[in-house]
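As a starting point, one isolated chain is supplied in structure tokens, in the form predicted on its own.
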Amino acid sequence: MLKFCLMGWSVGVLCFAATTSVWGVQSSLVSVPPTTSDLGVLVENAESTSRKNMVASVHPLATQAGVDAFANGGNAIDAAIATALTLGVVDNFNSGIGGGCFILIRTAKGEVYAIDGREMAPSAATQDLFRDAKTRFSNPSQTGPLASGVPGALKAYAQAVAQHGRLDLRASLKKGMEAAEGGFQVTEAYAAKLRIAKKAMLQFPGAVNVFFRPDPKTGLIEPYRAGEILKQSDLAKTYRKISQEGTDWFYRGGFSELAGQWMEANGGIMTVNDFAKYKTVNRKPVRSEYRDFEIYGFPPPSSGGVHVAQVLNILEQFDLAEMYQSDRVGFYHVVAEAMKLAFADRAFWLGDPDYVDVPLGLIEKSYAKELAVKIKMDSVLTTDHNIPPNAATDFFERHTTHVAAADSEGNWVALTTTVNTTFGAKYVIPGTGVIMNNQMDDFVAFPGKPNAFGLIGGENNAVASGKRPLSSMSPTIVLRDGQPVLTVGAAGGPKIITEVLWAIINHLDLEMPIGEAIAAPRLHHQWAPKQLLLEATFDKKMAEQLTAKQHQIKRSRSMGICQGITFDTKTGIFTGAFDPRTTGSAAGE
């Protein structure tokens, strides 16, 4: 029984169930009954169990692609890549081959790899690119040709399956190609994203040709609506070309030529040469320890691995389980203050390690102890870095997507992929169906000015030729006694880091099942702006008690989307969970 949940902006969840069969075997997805959170708020979660393998994503069609990969003899790496490539069709307002990714892999041999498929700034990019830009777009770092970095997701996917998978890239592309060619039913979430991006996308004929059609009643050009079938024939052709000719067609052939021509005609700076020079980077994962667990995260240019470890190191100085029982407000206060301390360091220190020195002393236990003693239980603390006066902003929209996969041989994957904000830079390279990212906005495009997510950055994250922008993506794998027990990741801009933290804290410290750990209400603090975001499911009394400690409270309609898988070493059972804040699924053979 598959259970899908839809959560609107108001408090409350609409759930429905559907029976599914996977290669003749009834899926073992378990419908978990509603539970009541500590705040008296209804919590819904959905979990799936299996003894063989597991994959979780935000879309049932993509999850099914992963299950099919397992059924065809693939391992967790094959399943994760097949899922990601299918998401690039059915969830392409969040991710796709026009974007980038981070892939964290723990193999059956016990080795942990980090494949950096983050976008790279074009060769002609300079620190003053957006300050000096002469363009018709009011926000050129977010919309239009200057907003895009050279995409790396496809090259990273190909590397992952070639080095660690059992199937080839053609097998991984198959389900996505079928979904693009045959079409899929537009969800309400997809239709809502089209409505949000409509004004910007109408500026680009390539996007209009794919995502808009004449309204049957008025004849006006409108985006596809929920329930309609969206076919993407050009994207299907692109997938087919890659399947036939490999990634060289994308980076050194037909696609790069079309992209270069479009850039030249529309004031962009990305060239065919930039595509040819793109390379993935094999990085050393960030390893830390938290209580009895090993935490593996992604290193810079991700800020996630560093700051998940840093916050956990700070929180290790507190007995969170005891605080949760005896001083619930103090528990939330301490977590929020630890987040704030880490995000202040993020703004000042983090960047592309190939260009700047990133002090990994940030994850030292001794440094965490120094930070922990600064936390005052009766009021908020002031950090050492200055917050510009224009830092306040809204950052409700969630972006990006995460895939979790694991198998009984010991292969585990945490894969986070993105085109940055909704539908990336809002344009499609004509004839390809590929939405291009707007990842250049993750640099410090305008010094002292927050980006689309309200984040402030320092010179370490300034624009430079060939550089990779700082990211919040936080694919994470957790081990106990040398055995993987959890893989987790999220979508939601800077909230990715705190979503992953909540899943870890809730599951490891508070011993919540993974479905409940993901579904539970969240709070978020990112230092700038000076506000503590509380999810709508936090009650009024809790907000008042946190306000009494001098927190500046702001309610958030959304706290992002998280996926996770756990493994019980005693029973040998995988449990996969998807976030009930959106449609999604978790399944295994």
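This one's a predicted model, so the numbers in the text were calculated from it and none came from an experiment. Start at 1 with the first residue shown and count on from there.
Separately, the form predicted together with ligand DON exists; it is not shown, and the next lines address it.
The candidate stretches are 214-222, 253-261, 486-494, 315-323, and the one lying within 4.5 Å of ligand DON in the model of the complex by heavy atoms is 486-494. Within 4.5 Å of any heavy atom of ligand DON in the model of the complex lies no heavy atom of residue 426. In the model of the complex, ligand DON sits beyond 4.5 Å of every heavy atom of residue 83. Interface residue remark: residue 473 is counted as part of the site for ligand DON in the model of the complex, having a heavy atom within 4.5 Å. Within this chain, residue 333 is remote from the site of ligand DON in the model of the complex, having no heavy atom within 4.5 Å. Although ligand DON is omitted here, in the model of the complex none of 307, 337 and 526 has a heavy atom within 4.5 Å of it. When ligand DON is considered in the model of the complex, only one residue from 352, 91, 116, 442 comes within 4.5 Å through any heavy atom, namely 442.
Think of it this way: in the model of the complex, ligand DON has a heavy atom of just one of 148, 400, 461, 411 within 4.5 Å, and the residue is 400. Contact annotation for 408-430: residues with any non-hydrogen atom within 4.5 angstroms of ligand DON in the model of the complex are 418, 420, listed in sequence order.
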